[in-house]
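Taking the form predicted alone, here's one chain by itself in structure tokens.
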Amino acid sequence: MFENLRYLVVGAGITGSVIAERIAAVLGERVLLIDKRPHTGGNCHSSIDPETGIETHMYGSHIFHTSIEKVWEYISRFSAFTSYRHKVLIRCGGKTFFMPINLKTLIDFFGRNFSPDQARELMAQERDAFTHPRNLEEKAISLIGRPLYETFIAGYTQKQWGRSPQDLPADIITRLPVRTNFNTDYFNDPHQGVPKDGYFTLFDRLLSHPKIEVRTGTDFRSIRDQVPASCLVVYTGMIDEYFDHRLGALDWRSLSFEWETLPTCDFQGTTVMNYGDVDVPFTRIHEFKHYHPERREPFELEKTVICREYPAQYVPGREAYYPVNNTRNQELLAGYQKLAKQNTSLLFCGRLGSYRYWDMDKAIESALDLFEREILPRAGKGSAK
């Protein structure tokens, strides 16, 4: 397996799969791709529920969306996408609202009509109080005002991160758009959808090149000593774990999932329902049949598959989902990145290797850029097409 091996990619999620595809397709080189899980696709992995025929996203909902044309052009080579536009609702205090906050949310929350100008004025009332927000709470209040923050953000954030919003960086909240029109879409990107034939098919096609050898159920630590010294290792796993946590462990948040098949055609009427109240232990419920309204068979069946998502503290053995980007962890990351630079046959990348939260399109963009910037020059090749 390792004889004359020049390229080893650790982790068969989006980043690792894209890099493996580029090595095989552009360089024409054999590449070994391994993953400790029993499947490819990483957290994007989906499968067909055998009882209902519903495609389920096994690690929480994944909707592809992008404004990056080179990413859209690249990933569209391997799958057609549906026209699905993601919409999210949130239940708070016994009522249901659209998220992210938009004109419809404001009208339903305050019980009166607003023009866009009135909405902007309403949410700007407390902006001057936090001209230099120090944490997530102050940043959120400066963006939307205290009543909206306390209803829609405070409880959900407390559950998601397991700590007070006052102890979280301000920039976390900037990922959530705020609108003063009736656009209820969750994302603004022009390209949105889910793979028509499923994420599992997308990854099968992405990794179909004959020069790619895929080995799932293979932990890097079990084969580490067998890798030739001359082999370039592209590592998408946790950077601190690679170095046996010698500087300390980076903090992550994790998730757990509770699955249920229910005897009803439609449980909640939408794909994702968030739950903002602190006394509700889960943060959201996914109902997967709604991602494919074009597939009529699941809607003709009086059964549906739902999944409750619970935030959890990361401990070894769980999956790591969200980095905790505070000062302590950023300093620790810098230390590990310094160690990584000492090995010229090792590249860290991806969500875990970079200690960053990325949407799927940003992960693809990063992988394509890494291939162009680091791997192509080492192989003595020009720019990839």
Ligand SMILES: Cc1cc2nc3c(=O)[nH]c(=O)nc-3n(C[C@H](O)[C@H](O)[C@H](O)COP(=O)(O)OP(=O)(O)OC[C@H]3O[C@@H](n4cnc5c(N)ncnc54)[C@H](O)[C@@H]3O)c2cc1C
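Note that residue numbering follows the sequence shown and begins at 1. Only a predicted model underlies this, so the values are computations on that prediction, with no experimental measurement involved.
Here the subject shifts to the form predicted together with this ligand, a form of this protein not shown in this document.
Contact segment among 219-227, 163-171, 89-97, 134-142, judged by heavy atoms lying within 4.5 Å of this ligand in the predicted bound form:
Selected range: 219-227.
Counting non-hydrogen atoms within 4.5 angstroms of this ligand in the predicted bound form, say which of Ile54, Ile34, Val324, Leu27 makes the cut.
None of the other options qualify; the answer is Ile34.
So in the predicted bound form, does Pro311 come within 4.5 Å of this ligand, heavy atom to heavy atom?
Taking the distances in the predicted bound form, the answer for Pro311 is no, it never comes within 4.5 Å of this ligand.
Is there a non-hydrogen atom of Ala12 within 4.5 angstroms of a non-hydrogen atom of this ligand in the predicted bound form?
Looking in the predicted bound form, residue contacts with this ligand include Ala12, since a heavy atom lies within 4.5 Å.
Determine whether any heavy atom of Met360 comes within 4.5 Å of a heavy atom of this ligand in the predicted bound form, and answer yes or no.
It does: once this ligand is placed as it appears in the predicted bound form, Met360 has a heavy atom within 4.5 Å of it.
Against this ligand in the predicted bound form, would Leu255 count as a contact residue? Criterion: heavy atoms within 4.5 Å.
Heavy-atom contact with this ligand at 4.5 Å: present for Leu255.
Members of 325-356 lying within 4.5 angstroms of this ligand, judged by heavy atom, in the predicted bound form
Going through 325-356 in order - heavy atoms within 4.5 Å of this ligand in the predicted bound form - the hits are Gly350, Arg351, Leu352.
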